[in-house]
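First comes one chain, alone, set out as structure tokens in the form predicted alone.
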């Protein structure tokens, strides 16, 4: 009888322990379901579709299975390779310029000056504007006859520039830099203001100049944040669509047709859903490779930043 009572007394405790063990999985289950429905299933659907000769008139089950033919066809397609080249040039040129300008502005404005908060707010306004509006703004400014830039050049006696013709890619890059440099600026400024004051004070005591503090203290300590920032911008630059579509529609020729635009055209205009899915997978593989590489590099920079911080604290 005593044994039976003891056994019944343990049951609620066991149930409570089971609930405690299961509760984390119960809380995460809705997020897993949503992620599966919004990410995993569409991704698997796209990968499966890339192995089929698929067009909009068919369901994916009706399309003929052709294996890797779409991938091989694309790799031998000069138009696809040109779009890939344009995408790589656009992304790396934009992000490189934005990192230099954004970090430079953050270093310049990291000080207590009257009205500095207003100036910082003005710097972030471009990234608040919708990409379609940005494209329209810059398209009018690049207009060959009434555009702001050509009128200015004409006023100072210089020849007009064919902004959206011979210089189309450069013009698109300038528009992207104008819109997204504030994103780099905000994150770089936040990283700069979170640096340990002890490290900077120790450098000043040791007689380090302003440039030496930037190159040997500030930049190394900011590097983990800057790498993640650059990665986010790279991913976004590979997917940009609206600004280029409004400015040049990918022209002239294929000079500004990035992969995102070519994927859209292949699916809607050329009605080749299988090839469009294969292009999307190529883009996904490039972004995954970039992500893994930059996270590995970021890990090394975190170790270096920890060493710099430790040395500075010891000197202090």
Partner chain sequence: MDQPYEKQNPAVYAIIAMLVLMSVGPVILMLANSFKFDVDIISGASSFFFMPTIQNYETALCDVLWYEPDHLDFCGLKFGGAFTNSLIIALVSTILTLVIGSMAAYALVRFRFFGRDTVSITTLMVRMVPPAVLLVPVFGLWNNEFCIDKNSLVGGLIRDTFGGRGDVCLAGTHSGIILVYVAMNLPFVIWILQSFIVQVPRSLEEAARVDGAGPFQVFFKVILPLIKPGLAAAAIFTFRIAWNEYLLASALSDRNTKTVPILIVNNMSEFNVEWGVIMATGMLLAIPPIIFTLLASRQIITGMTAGAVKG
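Quick caveat, the model's predicted, so the values are computed rather than measured. Positions refer to the first chain, counted from 1. Here, rigid core means the biggest group of C-alpha atoms that superpose within 1.5 Å across both forms.
Here the subject shifts to the form predicted together with the partner chain, a form of this protein not shown in this document.
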{"query": "The partner chain in the predicted bound form: contacted by all of 68, 72 and 270, heavy atom 4.5 Å", "finding": "no"}
{"query": "Stretch in contact, per heavy atom within 4.5 angstroms of the partner chain in the predicted bound form, of 87 to 95, 165 to 173, 73 to 81, 241 to 249", "finding": "241 to 249"}
{"query": "In the predicted bound form, the one of 105, 99, 234, 192 near the partner chain [non-hydrogen atom within 4.5 angstroms]", "finding": "105"}
{"query": "Contact test in the predicted bound form: residue 19 vs the partner chain, heavy atoms, 4.5 Å", "finding": "yes"}
{"query": "4.5 Å heavy atom contact, residue 158 and the partner chain in the predicted bound form", "finding": "no"}
{"query": "Proximity of residue 255 to the partner chain in the predicted bound form, heavy atoms at 4.5 Å", "finding": "no"}
{"query": "Residue 292 within 4.5 Å of the partner chain in the predicted bound form, heavy atoms", "finding": "yes"}
{"query": "Partner contacts in the predicted bound form for 259 to 282 (non-hydrogen atom within 4.5 angstroms of the partner chain)", "finding": "260, 263, 264, 267, 273, 276, 277, 280"}
{"query": "Residue shift check between the shown form and the other one, rigid core fit, residue 32 Cα at least 2 Å", "finding": "yes"}
{"query": "Residue 178: Cα shift of 2 Å or greater between the shown form and the other one (core-aligned)", "finding": "no"}
{"query": "Shift of residue 124 between the shown form and the other one at or above 2 Å (CA, core fit)", "finding": "yes"}
